[in-house]
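Below you will find one chain, with nothing else, as structure tokens; this is the form predicted alone, and questions on how it binds or moves follow later.
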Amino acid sequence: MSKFNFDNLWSEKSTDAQRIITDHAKYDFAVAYPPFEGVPLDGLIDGLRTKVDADSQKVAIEMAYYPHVQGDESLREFTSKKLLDDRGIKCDKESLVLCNGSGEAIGLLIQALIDPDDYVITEQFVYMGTTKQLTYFNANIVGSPTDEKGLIPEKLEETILDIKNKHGVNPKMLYTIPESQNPTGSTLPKQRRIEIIEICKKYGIPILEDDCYVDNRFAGEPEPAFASLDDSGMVIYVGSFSKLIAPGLRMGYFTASEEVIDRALSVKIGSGPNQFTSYAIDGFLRSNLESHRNEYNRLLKGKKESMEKGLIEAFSNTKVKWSSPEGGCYTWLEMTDGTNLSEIRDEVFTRGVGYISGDNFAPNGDGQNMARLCFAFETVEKNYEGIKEFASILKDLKAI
């Protein structure tokens, strides 16, 4: 029998995707994983058991149906209380939507707001998962200048005006990760947040606030959320349980005005996220939120400090500088002499150290002399050893 030919049937957007099995270097700072040793498997199992034992008939009935389009009611109630207690955000279960990870939440919101050729502003360097979605839906992405504290308000207004003057349109949205930003690790001060809200109000631009790292703070205190500083409904807030518990759970959420929720749900295919996972998260966090978060952040603090110790010992008195974040999973490294880390990445990987070069996070195409180093996944010992090895490789390549 002859093979069926699909050649003239593919959709315009589909491509031949490679089924890539990710390779890991000996010292893997390229990943975006939280501490694997902190994943509370026993706690999640106990949390699931608690929910089932509390009312097994109710659970059985709920499992027999497809989940509510906004997700499990009890977990939404817990999340709304957590947002009020932790972030000062007032919302109820009806204004929360649980999703298959924060990526689905962001994707729904992009589809609800963005048409092809619309302009979206982000940080100068920003999470590649979101830029990939924006690119898929044919948005124009413009990175606005940042410093060690994040977005610079006056530069943001210049970026807005530049888009308006050059293209004759208003930007459709500002997407930002203001807390422990991915990839730079910066945290935006409260005063800048207030100024950015006023700028966005002035030009009628909504803010999509991605707050997925706020639970991962091991020094200092988080800044107020954009969503807590505004009561006009212009801020759409996205959160996640991935960096608090584990990415493998695929559970995120967003809260917004009713009209935004309705529009976002209009493009959603299927029901809400996994009910079984919701039971486990809800049952676990109701009794263990603070103790788990404190232990997780203790692990992160030790790992960040060990990487920083290696950076100080290996790169002091060189043309290398790096961020010192108070939360999140990443350190941002810059070769101030312009050394191209993108060009040598594969060679460095082959020799045992993995990182992601800065151009992968750059809507404007810059960042070749920068790199994101994840300190969350490797052990304390490997973080230190790997940075020393990284420096040795760079010296051998005459990069420092």
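Heads up: residue numbers just count along the shown sequence, starting at 1. Model, not experiment: these values are computed from the prediction.
From this point on, the text means the form predicted in complex with a further copy of the same chain, which you will not see here.
A heavy atom within 4.5 Å of a further copy of the same chain in the model of the complex is found for one listed residue only; from L285, V260, I163, A314, this is V260.
When a further copy of the same chain is considered in the model of the complex, only one residue from G302, G88, G233, P189 comes within 4.5 Å through any heavy atom, namely G233. Put simply, D42 is close to a further copy of the same chain in the model of the complex: some heavy atom of it is within 4.5 Å. Of the heavy atoms in V348, none are within 4.5 Å of a further copy of the same chain in the model of the complex.
Although the partner is absent here, S242 is a contact residue: one of its heavy atoms lies within 4.5 angstroms of a further copy of the same chain in the model of the complex. Of the heavy atoms in A280, some are within 4.5 Å of a further copy of the same chain in the model of the complex.
Residue heavy atoms within 4.5 Å of a further copy of the same chain in the model of the complex occur in exactly one stretch of 79-87, 149-157, 320-328, 196-204, and that stretch is 196-204. Annotation for 97-124: interface residues with a further copy of the same chain in the model of the complex are N100, Q111, A112, L113, I114, D115 [heavy atom within 4.5 Å].
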